[in-house]
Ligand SMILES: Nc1ncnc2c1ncn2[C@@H]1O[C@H](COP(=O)(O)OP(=O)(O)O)[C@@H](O)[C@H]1O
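Starting off, we have a lone chain in the form predicted on its own, written out as structure tokens.
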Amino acid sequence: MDEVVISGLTKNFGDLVAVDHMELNIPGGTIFGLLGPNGAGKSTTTRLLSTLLRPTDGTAVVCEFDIIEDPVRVREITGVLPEEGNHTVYPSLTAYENLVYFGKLYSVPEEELPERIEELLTFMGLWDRKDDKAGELSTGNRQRLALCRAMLHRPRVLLLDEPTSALDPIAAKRVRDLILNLSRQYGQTFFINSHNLPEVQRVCNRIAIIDEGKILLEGNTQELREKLLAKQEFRIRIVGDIEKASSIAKSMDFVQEVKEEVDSIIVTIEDPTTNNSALMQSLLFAGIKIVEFAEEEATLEDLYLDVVKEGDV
């Protein structure tokens, strides 16, 4: 069953079309990633789904409740981490007091509340800071606390806007692990906004790409990866003559494309499992010192270029 159904959802701000007739169906239990650059319409979509904004046209249904007709019920069954989520906790209350307050607002059973608070704070590495005022915590720790707040009442759908943006790598991994664990344990549905493709690929099983308010492409993460990342690029960082290294690479039949940078060449290789070693040997034989030979992780820009090139938009 689809937990989120978006139908013709549109939001205009004057002449600016922030969300343009969006159509999406998100099955229950999905970890869904909405990818796009700043200004693409991601945050506006989250605000619409969380009923913080009213659409100009169209609507969405979250867990069978319409965002226009049943906004209160939508708020009850969703957990929201907006942009600048670290500002959504009360600075004068301790971390623990914040969660007690929000737990009562969301009618978390009183006998369950202490256990849920300890579980979340411990997992997020904040249990030893539970008695510190939220205003005294670092930006990253307030972000962690805000995530605990959003997840405390075990909502059916979580709307997370850049959930790891203010976190260090260890904390970001904790968040990813928490999302995966909650999805497995409780079957919760996650709607995650991000401009970070590698981050989303690690956790999401379904992805849509948005730009200028329009969905460019949507589908299963693995299917999109196979379709959009069919060609494999490798960065070869060298010490020496970039032009010479580039010329050698271009002379190889299995090298489809070569791009030059200050200290590297970026090569697109057919059947890299077979051909990488041949290219490396040719470069070394020519006296090129190789510092790094690694697969390039695709950027969101690469995805956009591939989509446009294939005529999908």
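One rule holds for the numbers: they count along the sequence shown, beginning at 1. Computed from a predicted structure; not experimentally measured.
Another form, the form predicted together with the ligand, is not on view; read the next lines as being about it.
Peer 1: So in the predicted bound form, does any heavy atom of A294 sit within 4.5 Å of the ligand?
Peer 2: A294 lies outside the contact set for the ligand.
Peer 1: Test of understanding: in the predicted bound form, would A18 fall inside 4.5 Å of the ligand by heavy atoms?
Peer 2: Output for A18 is yes: heavy atoms within 4.5 Å of the ligand.
Peer 1: How about L279 - does it come within 4.5 Å of the ligand in the predicted bound form, if we only consider non-hydrogen atoms?
Peer 2: Looking in the predicted bound form, residue contacts with the ligand do not include L279, since no heavy atom lies within 4.5 Å.
Peer 1: Using 4.5 Å between non-hydrogen atoms, is E83 touching the ligand in the predicted bound form?
Peer 2: Residue-level check for E83: yes, a contact with the ligand.
Peer 1: Any idea which of 254 to 262, 281 to 289, 268 to 276, 30 to 38 reaches within 4.5 Å of the ligand in the predicted bound form, heavy atoms considered?
Peer 2: After filtering at 4.5 Å, what remains is 30 to 38.
Peer 1: Between S246, T59, S43, T51, only one gets a heavy atom within 4.5 angstroms of the ligand in the predicted bound form; which residue is that?
Peer 2: The option sitting close enough to the partner is S43.
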